[in-house]
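Okay, so here's just one chain, in structure tokens, the form predicted on its own.
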Amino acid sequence: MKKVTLTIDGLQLRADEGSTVLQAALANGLYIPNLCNHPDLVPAGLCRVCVVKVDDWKISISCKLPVKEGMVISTEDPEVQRIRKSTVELLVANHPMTCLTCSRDANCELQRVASYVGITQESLKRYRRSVRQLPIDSSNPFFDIDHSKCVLCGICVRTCDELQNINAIDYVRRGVHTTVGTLGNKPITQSCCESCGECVARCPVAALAPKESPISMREVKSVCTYCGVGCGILLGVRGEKVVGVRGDRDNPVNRGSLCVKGRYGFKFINHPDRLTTPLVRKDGVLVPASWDEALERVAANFSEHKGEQFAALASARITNEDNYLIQKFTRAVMQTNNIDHCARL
């Protein structure tokens, strides 16, 4: 791809032609404050936080500004700083000050932006704080919607539209009363929402937050077991317990996206009734056994029940290749056509 050369705050950079100034800056490790931008979504220019000065005269939002050969960008110009700080102050003035008890504390984009532009208690005194007391929508079994924390960045709306093609949520009402809601502003469970959690994963604040969000100690890369698609997941582990799941953006199958089962259906992992070792029946009682003992028992029983005495049921949780092997084993080895698939049950 063709490259162009531009200068940001005195640093000469190379960027892909067709990219935006914000994309070029982030790709080169330079931070420009922003709230409504997300790499998975089409730039929308809603928050107006990422303003820059172009060629020493024009103020523009960097997320919608295409790079051009030789352009000179300033992100720390006094006029830019004044505009940016005023914009963020207006957002913070109407935002709940409950950071220490918020599920996004220390991982909140509004926190990061406010700290970067220099928001202080003193600078907020000139505003009349009016935090909206809006009811929390707790109808969804996996996440809550707290409208009072919403900064109207539109990331959730665009995610539901551009990535999921569901359109379960959109902007409702107008002016200062604008919120993000469903058709008829009904609870989220009464909409066409599929609870995939893609909007929750991208929300820069805690307007969309999981009902349970303990911080993990480490992450373990794995593959979702719910179907044969092979979505990559990162399991958040705390001690010996899985406390959360997020999509693996490096996995070529799902590139970070997950369905409702892959993202929220992980509690079976630590369920006390889950089998963690093979069981073999001895004297009418199931007792723990090694894998070798269990497989030898299976092979011995299979060899005694060939033909019409044998039937196999394939699984939707394994790959097409594994399902092919099951039917091949049933017909060629066990010598029967008694094979079916759980999707027909």
Partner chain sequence: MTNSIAEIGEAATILAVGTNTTQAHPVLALQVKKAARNGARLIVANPKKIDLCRHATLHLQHRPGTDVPLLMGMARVIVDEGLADMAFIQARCEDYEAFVASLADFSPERVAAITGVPAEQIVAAARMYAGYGPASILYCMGITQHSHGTDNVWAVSNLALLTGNLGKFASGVNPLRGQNNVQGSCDMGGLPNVYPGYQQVNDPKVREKFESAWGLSLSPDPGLTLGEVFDRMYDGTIKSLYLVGENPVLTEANANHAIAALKNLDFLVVQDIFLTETALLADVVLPAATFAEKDGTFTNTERRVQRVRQAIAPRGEAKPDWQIVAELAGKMGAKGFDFSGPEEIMVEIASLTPSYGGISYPRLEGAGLQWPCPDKDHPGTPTLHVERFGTASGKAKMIPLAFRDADELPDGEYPLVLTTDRSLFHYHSGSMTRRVAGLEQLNSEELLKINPRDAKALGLADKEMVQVTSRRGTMTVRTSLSQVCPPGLVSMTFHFAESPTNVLTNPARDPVAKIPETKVCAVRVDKIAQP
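Keep in mind that what you see is a predicted model, and the values were worked out from it rather than measured. Numbering follows the first chain given and starts at 1. For clarity, a rigid core is taken as the largest C-alpha set superposing within 1.5 Å between two forms.
In what follows, reference is made to the form predicted in complex with its partner chain, a form of this protein that is not presented.
Taking the partner from the other structure, its partner chain in the predicted bound form has a heavy atom within 4.5 Å of a heavy atom of V220. In the predicted bound form, none of the heavy atoms of K3 sits within 4.5 Å of a heavy atom of its partner chain. Taking the partner from the other structure, its partner chain in the predicted bound form has a heavy atom within 4.5 Å of a heavy atom of C224.
For S257, a non-hydrogen atom is located within 4.5 Å of its partner chain in the predicted bound form, even though that partner is not displayed. For the options R249, R112, H147, K241, the residue carrying a heavy atom within 4.5 angstroms of its partner chain in the predicted bound form is K241. Candidate site formed by E308, A316 and Q335: every one of these residues places a non-hydrogen atom within 4.5 angstroms of its partner chain in the predicted bound form.
Applying a 4.5 Å heavy atom cutoff to its partner chain in the predicted bound form picks out P278, L279, V280, R281, L286, W291, D292 from 278-292, in order along the sequence. G29 is not among the residues whose C-alpha shifts by 2 Å or more between the shown form and the other one once the rigid core is aligned; its shift stays under 2 Å. Comparing the forms between the shown form and the other one on their rigid core, the Cα displacement of P288 reaches 2 Å or more. In the core-superposed comparison between the shown form and the other one, D9 has its Cα shifted by less than 2 Å.
Wider separation of the C-alpha atoms of V260 and L313, by 3 angstroms or more, is seen in the predicted bound form than in the present form.
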